[in-house]
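The chain that follows stands alone, in the form predicted on its own, written as structure tokens.
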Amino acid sequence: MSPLVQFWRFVKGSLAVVTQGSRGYFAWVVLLLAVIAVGVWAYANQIQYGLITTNMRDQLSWGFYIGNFAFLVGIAAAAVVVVIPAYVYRWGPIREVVLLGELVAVAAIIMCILFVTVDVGRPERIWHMMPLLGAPNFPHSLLVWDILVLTSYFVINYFIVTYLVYMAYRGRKYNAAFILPIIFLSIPLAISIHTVTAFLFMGLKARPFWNSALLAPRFLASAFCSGPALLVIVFQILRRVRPIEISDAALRKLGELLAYTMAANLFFLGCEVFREFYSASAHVIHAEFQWWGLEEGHGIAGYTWFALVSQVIAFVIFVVPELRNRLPILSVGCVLAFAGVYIEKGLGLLLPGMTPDVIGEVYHYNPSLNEILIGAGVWGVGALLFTLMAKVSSAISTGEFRYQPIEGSYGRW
């Protein structure tokens, strides 16, 4: 049997796997499909009437969509937190979960691309940025660089995941000499996708709130907090609903890593706050809007302080072994870390950078219902993709789905 035929059997078998399951599994899939359908309806509404269906305006042209994009790039980049211990230091417990971490990265990258797509008012014109077809302003455009590194990171991670899952399906050990160089290449690419995303903000000279050389390290530090925090939560859910071997040691090791990354994240945040308020330049108004609000009553101070308190409590949980080694408490810390970084790196980063605008106008922005529905649909797509990929991966790891030499048999249930 040729390799192509064998791989095609793997694809057909994977489709059979994701179409079978318990009532709970189908209820979850139907719920996600319903959320996606609502998001598609909202996006059709946006396509018909334009970006006026959002609350973005000339004063604030980046909003809920780009906030989610910046956050999800960090989730995708955070796969390196499990890749390095697993493949560089060959730490056993982390090797159990590294594949699931890369599945999260693949889903996150797809969500990043979707959030950028829905943020563009005329998505049918994206072809102008494609090589040969269009005229991308390479290498001067940072947006082109961002598309390049995101696409490269997605292709490499998707190839790694497909190769490892397929080899497990065949019951064969992966070829280390072939796949490890590609895995090691994904590590600098993970750093680059979030660095270039930070450069998109830093390169806007008219936005002094983002003109900081510390922004890229802050992006990476916060990514290495939110990503592992999400993984700890997802892993605990997976081992409850599927017979997957995920040891407590792996979860506790991620909690230990979170102690270091959260410390770095809070330190960088403190450095930025000191720079803003101690220098007290004319541009401090953006930080005042973020932390205290302005005289007009506009501000996001409540959200900013909530994000800070959440991250401080999470840091205390992560840094005290007696707390992080108790999985229920570790889970609470992960939820707080995820929520704190989501606020700080989403609208908590965007709104102060654009308020007041370059001519001093203050525009009070809240995402419209249409924006929220589209965002929910994009998150639904990511959750559905991860669910389907994790179902195939877990079926292979438990022996439920494996290569059978008998023609027409995709596996055993």
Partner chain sequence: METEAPREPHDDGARIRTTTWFVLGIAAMAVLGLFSVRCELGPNVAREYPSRTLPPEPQPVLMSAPPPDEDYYPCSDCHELEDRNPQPRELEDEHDDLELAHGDLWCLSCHDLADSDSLKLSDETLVGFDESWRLCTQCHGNKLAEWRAGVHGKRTGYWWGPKEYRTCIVCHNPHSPAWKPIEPLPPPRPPQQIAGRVRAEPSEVRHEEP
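Positions refer to the first chain, counted from 1. Model, not experiment: these values are computed from the prediction.
There is another form of the same protein, the form predicted in complex with its partner chain; it is not shown, and what comes next is about it.
Shown here without its partner, the chain carries L132, V144 and Y363, all of which come within 4.5 Å of its partner chain in the predicted bound form through at least one heavy atom. For the residues F184, Y303, F267, Y260, the 4.5 Å heavy atom test against its partner chain in the predicted bound form is passed only by F184. Here the chain stands alone, but in the predicted bound form its contact with its partner chain, taken as any heavy atom within 4.5 Å, falls in 46-54 among 378-386, 46-54, 31-39, 340-348.
With a 4.5 Å cutoff on heavy atoms, L180 counts as touching its partner chain in the predicted bound form.
Taking non-hydrogen atoms only, S279 never approaches its partner chain to within 4.5 angstroms in the predicted bound form. In the predicted bound form, its partner chain sits beyond 4.5 Å of every heavy atom of A213. At the 4.5 Å threshold, heavy atoms of P136 reach its partner chain in the predicted bound form.
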